[in-house]
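The chain below stands alone, shown as structure tokens; this is the form predicted on its own.
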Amino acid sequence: MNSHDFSYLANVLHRRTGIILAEKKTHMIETRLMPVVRRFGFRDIASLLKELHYGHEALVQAVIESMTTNDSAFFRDRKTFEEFRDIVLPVLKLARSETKQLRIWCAACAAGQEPYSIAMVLDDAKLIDAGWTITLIATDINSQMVARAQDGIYSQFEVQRGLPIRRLVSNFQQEGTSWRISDHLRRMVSFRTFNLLDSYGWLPDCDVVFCRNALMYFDLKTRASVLDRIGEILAPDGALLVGPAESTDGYALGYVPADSAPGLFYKSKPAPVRRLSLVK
């Protein structure tokens, strides 16, 4: 891939998704584009990029999806889920005790491991059994990943990444060499293809937003824009959880970091709640 082709591809990707491409990863980019070349019947990557100028939407979407990073795991960065369970949920259970409604958005959900992990934590809390209405929305820009997440079928390798055996046995059904998420957990999650640069108007006001390991691929301006728009749909006492390598410092206002919980931010400082002991 020559520098002109790279610059054009990088510009398209940044304009459409906010993702920044590093030129030093040219080999990785070419590897990811080759399945798209074969799928659409082009001779080579140069021919594909030339056709991309005409704005064929299916081709543009395929290129975008080939460039997204979809690596995930169940309970990835386990401390985040402990913070959600032991810090965020107790606060919200008190604050929403009258309405018994909880609305959660999991952005950049990849193949669904993260929202299903959230669903397992909520299932452990027995909120639905206690009469709570849970709205758990999961989105990703990659339509193929969203389809996989909706199916809820994972390989042996995928379920072994971060999933304790007791959760595997109680929440999955083995189908040959694969594992299918249980129906009651799958029904808890509503999946949708969504670009973080598009309008957030369809989203409800959310009590919790998970936006982890996505902001790191944006430049400062795009991160600020995404965080500002998340703030617009986040409840005044809502919580935002970002990845361990991410922070809102320096490019977004309106968030208050939680004490001793890196990656957890609030729209405003919540009332203190006794931290629960960890449950094995």
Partner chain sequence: MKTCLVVDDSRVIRKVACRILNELSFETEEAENGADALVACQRRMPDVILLDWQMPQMTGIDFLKSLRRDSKGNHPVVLFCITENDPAHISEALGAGADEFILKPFDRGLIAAKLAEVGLV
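Positions refer to the first chain, counted from 1. Everything quoted here is computed from the prediction, not taken from an experiment.
Another form exists, predicted in complex with the partner chain; not displayed. Remarks below refer to it.
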Should L168 be classed as touching the partner chain in the model of the complex when contacts are defined as heavy atoms within 4.5 Å?
-> yes
Mark K79 yes when one of its heavy atoms lies within 4.5 Å of a heavy atom of the partner chain in the model of the complex, and no otherwise.
-> no
is_contact(L163, the partner chain) in the model of the complex, heavy atom dist at most 4.5 Å = yes
Answer for W179 alone: is it within 4.5 Å of the partner chain in the model of the complex, judged on heavy atom distances?
-> yes
Though the partner chain is not shown, can you say which of S199, Q174, S190, S97 has a heavy atom within 4.5 Å of it in the model of the complex?
-> Q174
Segment that reaches the partner chain in the model of the complex - one of 152 to 160, 98 to 106, 85 to 93, 203 to 211, heavy atoms within 4.5 Å = 152 to 160
